[in-house]
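In structure tokens, one chain follows: the form predicted alone.
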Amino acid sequence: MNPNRLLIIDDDAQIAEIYARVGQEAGFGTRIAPSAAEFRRQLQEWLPSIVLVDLRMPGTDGVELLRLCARERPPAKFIIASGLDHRVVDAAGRLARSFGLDVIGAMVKPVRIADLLALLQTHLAGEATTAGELEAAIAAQHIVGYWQPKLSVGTRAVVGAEVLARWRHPAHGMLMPDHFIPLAESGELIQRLTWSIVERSLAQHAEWAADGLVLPFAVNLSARCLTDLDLPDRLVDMCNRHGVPPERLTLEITESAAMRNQIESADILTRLRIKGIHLSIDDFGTGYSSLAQLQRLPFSELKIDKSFVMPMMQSHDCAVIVRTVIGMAQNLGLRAVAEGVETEECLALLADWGCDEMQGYLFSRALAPEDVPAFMAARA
């Protein structure tokens, strides 16, 4: 069976047929659910990999359907599409994320065919993998860290990097994190995967530093790791073993992760800062308690989510949010880092507003370790 399955529910049959044809062109098997009852049946029996939901449906609405999905917990990603005001569409997307759903797009109708096609192709999966395959890949070091440079907004100099996991699969080629991180999170493999990435990143940093290339770096920390009270000591021991000062390591933690087990996470994160390791609150603005986290936990960096940065040249609301968050970070003494910077116009605005650092395709995608020294030499 094709692992790429698109389930569509829309009150306009013609629009649903257009979405289905776009899905087929992208490589998906497609089905249309004409009613909420049929939608639920397909969700349970067909197990779609992506669900496209309209917000206005006869007899129900998209939020009720998203709430249903939150209860059913299908292994799917979600796209919201509606002719309603963009504020309503964005609010529905944030609500769905708060339900725990993986929302990859919130689109206002009329949806551009090219945009939908590109979104679907980005999330095209290979053959399904199992926990056993993932465990073997971690042991064989087939999951590697790719380094996406972080640049100073003011000088455009490279000031660090974020390490992002990639699976060099012997049969399916390069697999992106969306393909295997949910699988790791669903079991006990996420801790092993995290430690593997940290260990190899420290070793890579030490190797480059010996050749004169010092590149501070950040790794993502799963919520499951924030229950291990030995985490701070173990990380410092690893840094010492590789001869890497803890100050060169940043841990990126999402708002939702910091909200779990709040007492334990506050204990662990505070001790990490005491030991010199930096903390970044990731995907800022997509959670539901951002200001509380900034006041409660000792973060040193704030990353502005790309869902605000990328559309800010077209969206006044997003631009206001980005500018406000940068100002708040400045007043709190935090570094402000913008994700998803893709144009010079966007970068110019960030510079005007005083943003500290940026990541994005304007300068570089995530690079294989062997490509980093050449990139650094070219930037120098």
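Numbers follow the displayed sequence, beginning with 1. Just so it is clear, the structure is predicted and the values come from calculations on it, not from any experiment.
One more form of this protein should be noted, the form predicted together with a small molecule, which is absent from this view; the next part is about it.
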Give a yes/no on whether E133 approaches the small molecule to within 4.5 Å in the model of the complex, heavy atoms considered. no
Is G340 close enough to touch the small molecule in the model of the complex, meaning at least one heavy atom pair within 4.5 Å? yes
Can you work out whether E247 and the small molecule are in contact in the model of the complex, taking contact to mean some heavy atom pair no more than 4.5 Å apart? no
So in the model of the complex, does D283 come within 4.5 Å of the small molecule, heavy atom to heavy atom? yes
Interface residue in the model of the complex among V158, A92, I138, I197, criterion: non-hydrogen atom within 4.5 angstroms of the small molecule: I197
Tell me, which of L119, V236, M176, L294 has a heavy atom within 4.5 angstroms of the small molecule in the model of the complex? M176
With a 4.5 Å heavy atom cut-off to the small molecule in the model of the complex, the contacting stretch among 269 to 277, 71 to 79, 209 to 217, 176 to 184 is 176 to 184
